[in-house]
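Quick setup: one chain, the form predicted on its own, written in structure tokens, and binding and motion questions come after.
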Amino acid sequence: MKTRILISGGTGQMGRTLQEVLNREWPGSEVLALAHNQWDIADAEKGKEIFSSFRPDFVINTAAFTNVDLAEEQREAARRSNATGPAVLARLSNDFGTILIHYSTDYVFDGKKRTPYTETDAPAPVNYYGLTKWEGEKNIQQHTERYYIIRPAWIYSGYGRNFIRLVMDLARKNAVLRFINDQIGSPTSALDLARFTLFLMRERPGDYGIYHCSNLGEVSRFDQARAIVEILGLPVRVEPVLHTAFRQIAERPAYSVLSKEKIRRMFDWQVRPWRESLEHVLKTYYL
């Protein structure tokens, strides 16, 4: 019998990357990926209908309200997607015997540390987006025991709107690009995240809990943008600026690097350096 995998947010960059990886690396699985206009994960009745019909072994939640600044203004919508939706998924997963995989964020942390955040560090979000994502984590843990909560950061891919496309679009219109260099994180290749997700499903059933999964290294958006420009050979200059040079409605953590020691120790998972993964994505999708 084929393993049935249900994906929410199927047309987003993570949903599309998951489908690509699953189709290529787990052809024996049966995947149903639904866009937001097909399935609002906070709609319990619609969710019950989908679970009853498809009977998923796994549900992977990639649906989220991800605009950090807009979340400060559209709080009800952000909470519905990031907190209420995961609660509904957790209850449905518990009722139908489904394993839930949920993507959270590095923004559950306040950025006051100067060493990478571990899975046991206490969340203390500094913006409403981070607060709703943390509430989503707590709701999942309250309503089901069979879950993987994966925290990535700064996800980019070959699909949709992401940081690579932002840099490319700006480079078409400007000779000089300015990016923030005083907010530090650890970028995540959607391909690497999808492969780690596949690994958990196929190889580590039962090792439930919270895991950090991003690439190795500590970088700013300036560092990341400069690398994209260099690898693509774009004829622009990239300059560093402080975050105060831009109007950001929501506060961001100054430091949100995620420690990958847990997945390296538990699973011997080989975490790739951020630039290596970036080059791979650029050469696969953009060159």
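All residue numbers refer to positions in the sequence shown, first residue = 1. Worth saying up front: this structure is predicted, and the values here are computed from it rather than measured.
We do not show the form predicted in complex with a small molecule, though everything after this point is about it.
**Q** So in the model of the complex, does Tyr255 come within 4.5 Å of the small molecule, heavy atom to heavy atom?
**A** No, Tyr255 sits far enough from the small molecule in the model of the complex that none of its heavy atoms falls within 4.5 Å.
**Q** Taking the small molecule as it sits in the model of the complex, is Thr11 in contact with it (heavy atom to heavy atom, 4.5 Å or less)?
**A** The answer is yes: Thr11 has a heavy atom within 4.5 Å of the small molecule.
**Q** Determine whether any heavy atom of Ile155 comes within 4.5 Å of a heavy atom of the small molecule in the model of the complex, and answer yes or no.
**A** Output for Ile155 is yes: heavy atoms within 4.5 Å of the small molecule.
**Q** Can any non-hydrogen atom of Asp106 be found within 4.5 angstroms of the small molecule in the model of the complex?
**A** Flag for Asp106 set to yes.
**Q** With the partner removed from view, which of 222-230, 22-30, 62-70, 244-252 is the stretch that lies within 4.5 Å of the small molecule in the model of the complex, judged by heavy atom distances?
**A** Contact criterion met by 62-70 only.
**Q** Could you spot which one of Phe179, Tyr211, Tyr129, Tyr117 gets a heavy atom to within 4.5 Å of the small molecule in the model of the complex?
**A** Going through each option in turn, the one that passes is Tyr129.
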